[in-house]
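A single chain comes next, written as structure tokens; it is the form predicted alone.
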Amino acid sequence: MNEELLQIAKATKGFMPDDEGMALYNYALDMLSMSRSPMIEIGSYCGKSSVYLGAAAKEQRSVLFSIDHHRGSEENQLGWEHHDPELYDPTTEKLETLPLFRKTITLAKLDESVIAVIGNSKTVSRYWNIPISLLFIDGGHSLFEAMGDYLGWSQFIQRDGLLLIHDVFEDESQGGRAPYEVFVAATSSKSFKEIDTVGSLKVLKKL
């Protein structure tokens, strides 16, 4: 990965460990070498994961659609564990991550490779109708939100395409349960098989 982009990714606010970020990049790069279908990212926060995926998209002349309402997940809100007061907007009483996301993507020179879609992912998925090569789920961590992201978007993953799910912990004490439940639903569906695990990142292939 381009060293400048790697340093931008590492310096960007977010919750993506370096090894998991590099796994995103490498799997996206390999996938896009075989398919020119776009990638979808659910949940971008300030753009850390978007840089890893966007770097691969730029190299392979493809595109990443990054879908986020940019108001933060439940755990990011005021009074919750992962709240960042620097991102809090007292007018709306919610987080506002869009300005930092835009700054990150522009700084990384990925404006042509990472397309921001501002809105609720389940709403956007109802109007989507083209195949995708890779789906990365890292949005809201409630069961309602996470399962909605999976059900709304997994249908568009092409055969042999990839589904990547972040923050998957079998032990509930290590993290939220919802991403693990999505992982179980995907592997139980017989439409996906697990091919790798990097930290809390699960990598599955569409059968």
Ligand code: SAH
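Since the structure is predicted, the reported quantities are computational estimates derived from the model, not experimental observations. When you see a residue number, it is the position in the sequence shown, counting from 1.
Although not depicted, the form predicted in complex with the ligand is the subject of the following passage.
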Answer with yes or no whether residue 120 is in contact with the ligand in the predicted bound form, where contact means some heavy atom within 4.5 Å. yes
Classify residue 71 as contacting or not contacting the ligand in the predicted bound form by the rule of any non-hydrogen atom within 4.5 angstroms, answering yes or no. yes
How about residue 43: is it within 4.5 Å of the ligand in the predicted bound form, going by heavy atoms? yes
Evaluate residue 186 for contact with the ligand in the predicted bound form, applying a 4.5 angstroms cut-off between non-hydrogen atoms, and reply yes or no. no
So which of 32 to 40, 178 to 186, 157 to 165, 47 to 55 is the stretch with heavy atoms within 4.5 Å of the ligand in the predicted bound form? 47 to 55
